[in-house]
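In structure tokens, one chain follows: the form predicted on its own.
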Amino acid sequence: MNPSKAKQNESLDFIRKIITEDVKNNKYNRQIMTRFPPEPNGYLHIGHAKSIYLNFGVAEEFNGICNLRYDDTDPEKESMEYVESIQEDVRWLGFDWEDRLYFASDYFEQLYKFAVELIKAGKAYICDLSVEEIKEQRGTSDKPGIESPFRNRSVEENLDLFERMRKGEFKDGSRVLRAKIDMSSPNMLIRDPIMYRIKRVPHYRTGDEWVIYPSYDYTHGQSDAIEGITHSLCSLEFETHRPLYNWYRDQLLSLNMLKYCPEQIEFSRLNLTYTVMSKRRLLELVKKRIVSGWDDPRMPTLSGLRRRGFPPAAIRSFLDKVGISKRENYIDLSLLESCVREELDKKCNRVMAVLRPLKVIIQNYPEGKIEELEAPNHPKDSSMGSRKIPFSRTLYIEQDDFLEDPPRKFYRLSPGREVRLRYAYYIKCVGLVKDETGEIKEVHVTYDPETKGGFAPDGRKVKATLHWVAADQAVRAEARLYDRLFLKENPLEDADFLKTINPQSLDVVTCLGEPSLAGASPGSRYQFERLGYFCVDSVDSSPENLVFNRTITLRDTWSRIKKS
């Protein structure tokens, strides 16, 4: 079932209001159709999730359909790897395009024929200026452009040259096809934009069939029209492109080359603090090996978030809270993190694990004895069952949970102090052992056998409860502790955004976990009690070598980190 939420009981955003009116007035006299049109030149990030959720969501809400179409017009940057990753991401978010998978490259022949008709109508011409010369003659925002000396070529000459461009008679970059619109338009994009370039680069789908490729602006709108899209929903940076979108559409409609008349509507893109939303810059992080790849759990890519353990339901909940508007703004990353915690809290089994182990020896506990203690898998949901945890004379606790000389308001274990072990007993520190460097190797304690289950029959209270694992039965694993990749809210404020990289965005430790974690399958999620939510890594983990990614901490500690 498609997870998009119906908006019947909510105030409609401006896009849904437009579509509601269009349906009411039967503007299109047919089914509502949207599309998600990624360029297969990189992995999708969470900003794309907003477009996926909107396009598939409104299609479902208005009993319409949504296509998945790749706008694959730049073979230098595109690949099947990106095509496949995009499909995986869309499915992971919970959406299905059924049999409506399309590629702009499927329309190359039709787009070429459209261009021929525009040439015949005197609306396009072959220009011999280089791309650099075209840029120079385009003018500025307060200065009109200069018309190309080739703008008034005859229709016959333009048709001949265009056909010869297709046959590969000219060198790369020697000629282009330009639309003949208005070199004095205040909108720079209208000043005779390039429609086709000569580029001898094999296409990942069409191979060497084409040596000329259409521009994105020319291809996108015509692909919408060919597919019968009613509402072309784009992010706000395409607002200045809309007059060009409409110009191509209207010219071809007037020539009876198109049947459908799609409408472009823009909405604000998703901008998150402490990250970048640009495939070009994300690719830079990958190429410079600042991250391990597109699916590095520190990346805002959907594959990275999936590998880190973010549930798709949390992303959908986050997008519901963000909403749809025309106003550009930055959304605080903590809102997404809050949605992740809320979702994981409901579904994750609780377990105990120690990230930085410190040995504890219970002096009055019998040697060789092992008892099994009962622990619920979830404190709020008894239907999730329980598990047995072994308890023995030698345990491990977190190094941070012991201080030899504690400051005021430190309530965890220290000499002479009594604390509770989760699901087990009260223990009291009676001594410690240090190595030759003065580092604490062992903490010696006694336990009160009358406090089994963590409660004292005499009613005495302790101020701290610690998690722990039994030494001999512990499962060894690698834990990757992830933090925000950038130190600044807006990394792009710096001329070199790479200088804002957080050097502590990844810390790798060897941890010890309770036996129930043995053989945990990739993608499994848990709450390590007191430590955060963790996910078994889908790439590097195996039953013999467990690897856990910290999905998120139990609470937002970033404000404290920034001030420290």
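Each form is matched to the other, and the largest set of C-alpha atoms that superpose within 1.5 Å is called the rigid core. Quick caveat: nothing in here was measured; it's all calculated off a predicted structure. Don't overthink the numbering: it's just position in the shown sequence, from 1.
Another form exists, predicted together with the RNA; not displayed. Remarks below refer to it.
Indicate whether the RNA has at least one heavy atom within 4.5 Å of a heavy atom of residue 416 in the predicted complex. No, residue 416 sits far enough from the RNA in the predicted complex that none of its heavy atoms falls within 4.5 Å.
Does the 4.5 Å heavy atom contact test between residue 409 and the RNA in the predicted complex come out positive? Taking the distances in the predicted complex, the answer for residue 409 is yes, it comes within 4.5 Å of the RNA.
Could you tell me if residue 85 has a non-hydrogen atom within 4.5 Å of the RNA in the predicted complex? Output for residue 85 is no: heavy atoms all beyond 4.5 Å of the RNA.
Though only this chain appears here, would residue 39 touch the RNA in the predicted complex if you measure heavy atom gaps against 4.5 Å? Yes.
Of 390 to 398, 475 to 483, 255 to 263, 420 to 428, which is the one stretch near the RNA in the predicted complex, taking non-hydrogen atoms within 4.5 angstroms as near? That would be 420 to 428.
The unique member of 385, 438, 368, 186 whose heavy atoms fall within 4.5 Å of the RNA in the predicted complex: Selected residue: 186.
Within 4.5 Å, heavy atoms only, which of 204, 238, 107, 162 is in contact with the RNA in the predicted complex? Contact residue from the list: 238.
Would you confirm whether the three residues 199, 329 and 554 all fall within 4.5 Å of the RNA in the predicted complex, going by non-hydrogen atoms? Yes, each of 199, 329 and 554 comes within 4.5 Å of the RNA in the predicted complex.
Heavy atom contacts to the RNA in the predicted complex at 4.5 Å, residues of 443 to 472 in sequence order: Counting only heavy atoms within 4.5 Å of the RNA in the predicted complex, the contacting residues of 443 to 472 are 453, 454, 455, 465.
Does residue 459 count as moved between the shown form and the other one, where moved means a C-alpha shift of 2 angstroms or more after fitting the rigid core? Passes the 2 Å threshold, so yes.
Core-aligned C-alpha movement of residue 379 between the shown form and the other one, 2 Å or more: No; that C-alpha moves by less than 2 Å between the shown form and the other one.
How about residue 135 - superposed on the rigid core, does its CA move between the shown form and the other one by 2 Å or more? Shift at residue 135: 2 Å or more after core fit.
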